[in-house]
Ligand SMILES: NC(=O)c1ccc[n+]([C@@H]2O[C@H](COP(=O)([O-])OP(=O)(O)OC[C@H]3O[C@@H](n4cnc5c(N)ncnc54)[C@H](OP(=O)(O)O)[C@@H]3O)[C@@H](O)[C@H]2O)c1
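Next up: just one chain, as structure tokens, the form predicted alone.
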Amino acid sequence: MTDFLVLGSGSLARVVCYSLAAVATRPIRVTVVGRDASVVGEIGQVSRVRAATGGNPVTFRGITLPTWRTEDLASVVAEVVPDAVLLCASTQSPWEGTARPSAWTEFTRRAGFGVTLPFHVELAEAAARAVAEAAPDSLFLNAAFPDAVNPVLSALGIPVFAGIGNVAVLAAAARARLAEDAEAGELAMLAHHLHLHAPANPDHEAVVYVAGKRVPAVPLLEAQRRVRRQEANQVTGLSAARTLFDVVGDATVHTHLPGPMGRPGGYPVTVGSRRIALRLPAGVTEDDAVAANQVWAEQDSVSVERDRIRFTGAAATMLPELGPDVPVEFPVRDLAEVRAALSRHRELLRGRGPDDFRTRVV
């Protein structure tokens, strides 16, 4: 029996669980952890019914956890002792700009997604520490901005296997387009969270190889980039479910994942038997691949290099306007302090409408 622990009860966690229920080919147990008992119960019920409908050997249970401190999460991890843990939660919702537009969401839109990194690290750090402490043989996978968060976890000395989404979604879209065009050959893509949308500078486009030959990325990705993010979650969730199966399975599987073993950005990889390795095209070294992703990270407004975090681009210009308590560059060890300062500004900006956007709030 394989045990998976899914942390979160939002839209992505739902799709992951529903996908696990629909595609399971061997017996698995899935434990879902969330703050709202009714929501967790609903996810479990729908998942059980989906599994029964397909005759799939999956069981689900839910755990309600009001607070997500490391010690709280560690108690759950110790109880379940999962083969793999997937975090699908963050203290900065990707849907806030749509659901609750404010001066804060306007700030993040202008500054760039990378400015929200401190908030995405918060639960990822707590969960990864809990896994390392309570079940060190469990694999930890992160869905919260893994292209940048996973390098932070690595800098903090916390094990992280990989992320899900982003490059995985883009690679799936490319495979679908190649199948339509009857293009044969193995796909290998280097891509960052940045590439979910077309980069402002075409020179910073994703790198794609098919059968060892570099091909243009835009024709393969443009249709997926037009899909609303809520709908793209359907691909992300299914991809995550397949990844959970693959990483603990016996077969070696070729896929694409962000943040493998704490690297920045996304890569072609092989997974299986609880291992992961880069699967780079001939002539592309690991240094080349990491360097490309670091360049793309800067276009996404935040770069993590060794033990330092540096906001870039519009974020580097706009953050100082909030006040002197939010530095543009700082050591990873100061992340909690920077997050607390940024959180204070976030709450102030949330109290204003997007049309009342002003950066000076202190």
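In this text, residue numbers run from 1 along the sequence as written. Quick caveat: nothing in here was measured; it's all calculated off a predicted structure.
What comes next is about the form predicted in complex with the ligand, which is not displayed.
This chain is displayed without the ligand, yet in the predicted complex the stretch 227-235 from 102-110, 246-254, 262-270, 227-235 comes within 4.5 Å of it by heavy atoms.
Site residues T31, T70 and S138 are none of them in contact with the ligand in the predicted complex, judged by any heavy atom within 4.5 Å. For the residues A84, V80, V290, A89, the 4.5 Å heavy atom test against the ligand in the predicted complex is passed only by A89. With the partner omitted here, the residue from L123, A74, V284, A155 that has a non-hydrogen atom within 4.5 angstroms of the ligand in the predicted complex is L123. Heavy atoms of T98 never reach within 4.5 Å of the ligand in the predicted complex, leaving it off the interface. Taking non-hydrogen atoms only, G114 never approaches the ligand to within 4.5 angstroms in the predicted complex. For the chain shown alone, A13 is a contact residue for the ligand in the predicted complex, at least one non-hydrogen atom being within 4.5 angstroms.
Proximity of G165 to the ligand in the predicted complex falls within the 4.5 Å heavy atom cutoff.
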